[in-house]
Every structure is written in structure tokens, then in C-alpha cells.
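Before any questions on how it binds or moves, here is one chain, the form predicted on its own, in C-alpha cells.
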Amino acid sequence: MRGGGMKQVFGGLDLGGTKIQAVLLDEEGNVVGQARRVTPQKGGPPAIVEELFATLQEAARPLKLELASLAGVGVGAPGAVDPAAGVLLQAGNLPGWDGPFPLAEALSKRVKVPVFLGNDVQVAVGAEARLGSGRTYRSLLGVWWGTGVGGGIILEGRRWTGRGAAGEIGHIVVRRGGARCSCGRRGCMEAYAGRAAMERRARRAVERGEKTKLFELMEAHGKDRLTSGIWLRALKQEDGLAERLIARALRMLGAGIASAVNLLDVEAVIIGGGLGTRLGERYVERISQAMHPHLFVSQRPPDVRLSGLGELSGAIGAALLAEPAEAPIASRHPTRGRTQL
């Protein structure tokens, strides 16, 4: 409570290629409402803006909260963003998104409160640094393993965004002249480890006559693509193709993440994203093992930890974008001062 008034509530939206996650966050950092919906595959930016609005409404409905009463709304979006202008410049993983779009302005007209925009992984990593697995570290690299592979960087307790696109670890080249990436270049880590790239490779394998349970599981669970949950089910059933593609992804993640660690020398690596969260601690350990041969200072590896906020990290990080600088949302940092994000 502030000055005897009601607690402020902030909206956060994590916009992904397959789902939209909304949370409502109070000024103490507690999630007081949440909802999830499917990202529209048709209609481009206008359809996505409407679904963002509807997802936030769904999260607020049990609280009987009008969206216009929110203190602000943040959106974490995939790809390159211009936070100052509120423009999503480029988003290869969003259907029908083929150029810059003023996402913050368009959504603000619907919710009737200020909207703030950030890169989805950068804001998720910021949330982990403030409230999650990264809160005991002053420097860390976040790697979000999902439809693509994104990253975020915290240096000396502050988010490092460069000129707006820092942390795009998925586009570190791990094999010169290698597989074609969705960005149009070759050999990017995402071209081997991104869920969308792995699905394309799985489909080609089936066309060549390879056997797999992946697509049977997809249909049985009413999905139109290989979600993180489908990959996990296939691995539990010891599906050979799934195991080979995940092992290949882990090798490339290990090489790419180690290269970034060699450059930045961070204290910790936090693994999140749809696949990272679903596959869990066992696969985080396998990523750590895959990194080890490529580390320059192998005697002092960084801590490698699973996201503490799980699938809500992106939406929570987006909500943090909307907090006022003079009265920031309470930190849960147990041993050090507030991380400045």
C-alpha cells in the first residue's frame, strides 16, 4: 500500500510465436493474475494487437479489474525493437510481421494506459536478475531456448542492450556455411537449436522415410506444430529422431554459449524459454557439459542454472518495464542491493 491508497498493478505481456502470456503484477512483485492464449497465425499485427488486449482482459477478469486502472503495461516481443518509439522493427518468429509496426501505440489505444515495449528475452532475463535465479549475481547471460534462441545480458547489475539488439546469441555462427537460419544467414546456432528449425529438420527426415513419434504425438494432443511439450513427450518415449535432434541442439548450444562466456566472462548462465523450462534441470546440466570443452577458462566455469520464474519470466519482465523509476517494484534480492534494470 502507498499512502493509504490501493496497491498499483502492472500488466505484462510475453508475445511469442505460438503463445501470448499475460500477468498482472503488484508493486511487491507478486503475480496476482495471469492468462495464456494462442498467438494468431493470420491477420498480422492488427490481429496480434487484439489478442494481446484479449489476453490481458482475461487475466484481469477474475480480479474485476478494469484495464484502464492499470499503472501501465509492458510487452516483451521477439526480434528487434525500438523501445523509445515503441516500435517492433523486425520479428521473424511472428506470423505476418513483415516490417516495423508501432506496437506500443496500437495497444495503448486499446488498454487506455501507457504501454512500454522491450525485447522478449531481454526483459525475461531482467526479471530473472531481479526476482529469479539470477538475483545473487552481478553479471549473467540469459539464454532462452524456444521457437528460436534468444539472449539477454546483465553486466554490473545493469541490463546491457547495446544499440538495441545486444544478446542475440541465437545468431552466433557455430558452423561456417552451415544450415540456413530463419534470418537468412547460414550456420547460426538457432538454425540447429531453435524449435522451429528442429521441426523443419524432423519433417524432412520423415519425408526421407525415417520413423518418429513426434508428429503422432502432435496430432494426438491437438497441436499444429511441435511444441516444447511434444518434444518432451517424445524424449520420454525414447524417440530416436527426437533424441538425435535434441543432442545436436545441445552440442550447438554448448559451443555458442561457451563462446559468449569467453567474451563476457559472466558469473552465471540462466537457461529459460519454452524448451529450456520444459526439459528442465537434466538438460541444463547437459548444456553445461556441452559448454565445458569450449570454455577458455575451463577451471572456472560459470554457474549454469534453470530459470527460476519459469514460463512467466517474460511476462513478469514485461510488467517491470512499466514500473515508475521513482518507486520500483520490490526486489527479492537476498544478499545484495537492488539490481538496476
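In this text, residue numbers run from 1 along the sequence as written. Nothing here was measured: the structure is a model prediction, and the numbers come from that model.
The following text describes the form predicted in complex with a further copy of the same chain, which does not appear among the structures shown.
Determine whether any heavy atom of Ser139 comes within 4.5 Å of a heavy atom of a further copy of the same chain in the model of the complex, and answer yes or no. Residue-level check for Ser139: yes, a contact with a further copy of the same chain.
Give a yes or no for Ser259: in the model of the complex, does one of its heavy atoms lie within 4.5 Å of a heavy atom belonging to a further copy of the same chain? Answer yes; at least one heavy atom of Ser259 falls within 4.5 Å of a further copy of the same chain in the model of the complex.
In the model of the complex, Val297 touching a further copy of the same chain (heavy atom, 4.5 Å): Yes, Val297 sits close enough to a further copy of the same chain in the model of the complex that at least one of its heavy atoms falls within 4.5 Å.
Are any of the heavy atoms in Glu156 no more than 4.5 Å from a heavy atom of a further copy of the same chain in the model of the complex? Because a heavy atom of Glu156 falls inside 4.5 Å of a further copy of the same chain in the model of the complex, the answer is yes.
Going by heavy atom distances of 4.5 angstroms or less, which of Arg244, Arg225, Arg185, Lys213 would be at the interface with a further copy of the same chain in the model of the complex? Among Arg244, Arg225, Arg185, Lys213, a heavy atom within 4.5 Å of a further copy of the same chain in the model of the complex occurs only for Arg185.
Consider the chain as shown here, without its partner, and state which of Val113, Ala205, Ala166, Leu235 has a heavy atom within 4.5 Å of a further copy of the same chain in the model of the complex. Looking at Val113, Ala205, Ala166, Leu235 one by one, just Ala166 meets the 4.5 Å heavy-atom criterion.
In the model of the complex, does every one of Thr161, Ala255 and Pro302 come within 4.5 Å of a further copy of the same chain, counting any heavy atom? Yes.
Picking from 166-174, 127-135, 226-234, 194-202, which part of the chain touches a further copy of the same chain in the model of the complex when contact means heavy atoms within 4.5 Å? Flagged stretch: 166-174.
Quick one: name the residues from 251-286 with any non-hydrogen atom within 4.5 angstroms of a further copy of the same chain in the model of the complex. Going through 251-286 in order - heavy atoms within 4.5 Å of a further copy of the same chain in the model of the complex - the hits are Arg251, Met252, Ala255, Ser259, Ala260, Asn262, Leu263, Leu264, Asp265, Val266, Glu267.
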